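One chain follows as structure tokens, the form predicted on its own.
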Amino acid sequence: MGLFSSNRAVWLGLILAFAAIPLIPGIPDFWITLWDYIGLYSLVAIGLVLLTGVGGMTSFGQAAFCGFGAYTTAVLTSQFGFSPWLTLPFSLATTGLAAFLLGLVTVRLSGHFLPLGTIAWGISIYYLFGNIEVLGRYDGISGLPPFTFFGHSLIDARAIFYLIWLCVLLAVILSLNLLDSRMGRAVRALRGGSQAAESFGVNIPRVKLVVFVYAALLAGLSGWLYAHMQRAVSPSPFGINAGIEYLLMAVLGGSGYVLGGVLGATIVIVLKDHLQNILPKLIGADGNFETIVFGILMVAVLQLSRNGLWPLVQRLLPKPAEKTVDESAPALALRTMPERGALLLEVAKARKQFGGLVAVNDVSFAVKAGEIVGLIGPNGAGKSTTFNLLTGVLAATSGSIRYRGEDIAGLKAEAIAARGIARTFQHVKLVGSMSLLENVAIGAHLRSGAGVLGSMLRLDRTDEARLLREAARQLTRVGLGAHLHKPAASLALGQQRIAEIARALCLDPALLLLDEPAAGLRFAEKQQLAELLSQLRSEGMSVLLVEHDMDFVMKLTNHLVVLDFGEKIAEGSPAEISVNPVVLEAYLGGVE
């Protein structure tokens, strides 16, 4: 992100130098053809970077989407007389529709079921291409017309070079723009931070489907180009072996970096060409021995450079500029807070049962606007489970949860977040590779409506500036203003907990749920946190607090609810709870 925003002259020089390659006298056509193939493979690998490296969804089936793009244009040009240029929207539409339908099922899979699912439909589509009469079965379709441009045929490798690499350049720019946006942060949160993102209004299935379809469209574009460069299509380039090869490119180049996809495609294509010539002579037998070398190379890269080879190359290139915060950006609109003292949250006989285990047993309590309520109890008392019920992470087995008069017990996490309930987590859930600023900006996801297409075309810059300004404001408010651009993983645990509070505040909540916010904080930091929470209370915000530091809780809260083994055993003011014998028994084993 921001890769081309600094040292633009350097990048422009590199692009122009690359564009001059076909014009250099003496370069064989074979090498230009090789670069053409690198460009085609790069398009697919870039999509896999977003899908697998950034979004965490491993796919072995991208070659099938190349086939949809290639066969669509092949049928339209060979059987219906379409111009190759006019078939592009049809190729992309067919690919996009196929990806949408497959994605509806695929992206809901998790763990090893996801890659197995992509292998299954990748193999199925390969055999489908080979058995449909109109597609020429395994013989395919030949005699496709080449691209023409103002009467000039792009039939040779040098002529089509510029079209292919123009598409690659556009794919790189659009992908970088997408990742450098509100939607891009949601995509990056899929890998390790999806539960937190969902709690701030990110529709996880939708985001997964968006990136799945986008990656497929890049593959469909590659297939469209391939069909008219080769002037023939057959099922063989669209099988599972090609899908594995595309994934290898993304991993070798750097699965978390857009340009890593281009680097990986270059390495694999060049190595494959040389190894296919050298290895049979060394071994004295014919065969696909290059696959063995690629396997060894994959293991070596994963052991020595888990992020791929692009970070090593990146050290030699201009350093990307840090995200800037536009302090003059308009402030985001604020939520209307409930009247102080009004009933905000009412939990009535909430119950959560996992089989025979009752984690929360008919718990009832209320939170009024403008007060801090403590939810306390020993470890395993059901406090975090109660938080998960309130925020839609878990569905209640029975009982009701009413927020501002509305029953929210059946709502999903993103719908509850939209109503003004924000939370932190018992175990910190930040995306370690993202900067603190970007992590916190996820909290403001619902306060902007910028979409995918607007993000890719940079039409979202005003909204983006407002979101980043809000994130920076909240980080400064909690005392982390000096760490905006540091990776979240580089901060101490206590600082990460405070950062989670800043992220929650970015939602502009009416009710803030804090799960052990003082854990890992030093004495002075706890005092600052207490001052912050008191300030929020004075501004009309309500806080429901889970915390084991009883001194911190007693001094701060207006009201306490005590749980033990999933049941409410006491409720009252801090003074009443401090001398309650039932509470003392639960915590200390007795009044003594």
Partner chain sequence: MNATIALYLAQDGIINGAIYALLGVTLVLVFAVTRVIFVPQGEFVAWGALTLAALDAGSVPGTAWLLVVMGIAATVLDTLRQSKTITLHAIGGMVVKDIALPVLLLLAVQAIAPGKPALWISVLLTLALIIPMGPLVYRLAFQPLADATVLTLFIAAIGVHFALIGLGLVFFGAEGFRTTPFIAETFRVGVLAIKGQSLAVLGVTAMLLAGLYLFFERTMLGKALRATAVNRLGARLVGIPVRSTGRIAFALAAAIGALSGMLIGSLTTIYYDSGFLIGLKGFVAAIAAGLASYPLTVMAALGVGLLEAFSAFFASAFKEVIVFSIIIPLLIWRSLKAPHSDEEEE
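Here the structure is a predicted model, which means the values were calculated and not measured. Positions refer to the first chain, counted from 1.
Omitted from view is the form predicted in complex with its partner chain, to which the following refers.
- Only one of Leu521, Ala232, Ile173, Ile123 comes within 4.5 Å of its partner chain in the model of the complex through a heavy atom, and that residue is Ile123.
- Of the residues given (Ala418, Leu144, Ala329, Ile244), Ile244 alone sits with a heavy atom within 4.5 Å of its partner chain in the model of the complex.
- The partner is not drawn, yet in the model of the complex one stretch among 452-460, 80-88, 176-184, 111-119 has residues with heavy atoms inside 4.5 Å of its partner chain: 111-119.
- Taking the partner from elsewhere, Tyr41 is found to have every heavy atom lying beyond 4.5 Å of its partner chain in the model of the complex.
- Using a 4.5 angstroms threshold between heavy atoms, Gly287 counts as touching its partner chain in the model of the complex.
- Residue contact check for Arg191: one or more of its heavy atoms lie within 4.5 Å of its partner chain in the model of the complex.
- Mapping the unseen interface onto this chain, Asn379 falls outside it, with no heavy atom inside 4.5 Å of its partner chain in the model of the complex.
- Taking the partner from elsewhere, no residue among Leu209, Ser364 and Tyr403 has a non-hydrogen atom within 4.5 angstroms of its partner chain in the model of the complex.
- Heavy atoms closer than or equal to 4.5 Å to its partner chain in the model of the complex belong, across 289-325, to the residues Phe289, Thr291, Ile292, Phe294, Gly295, Ile296, Met298, Val299, Leu302, Gln303, Arg306, ordered by sequence position.
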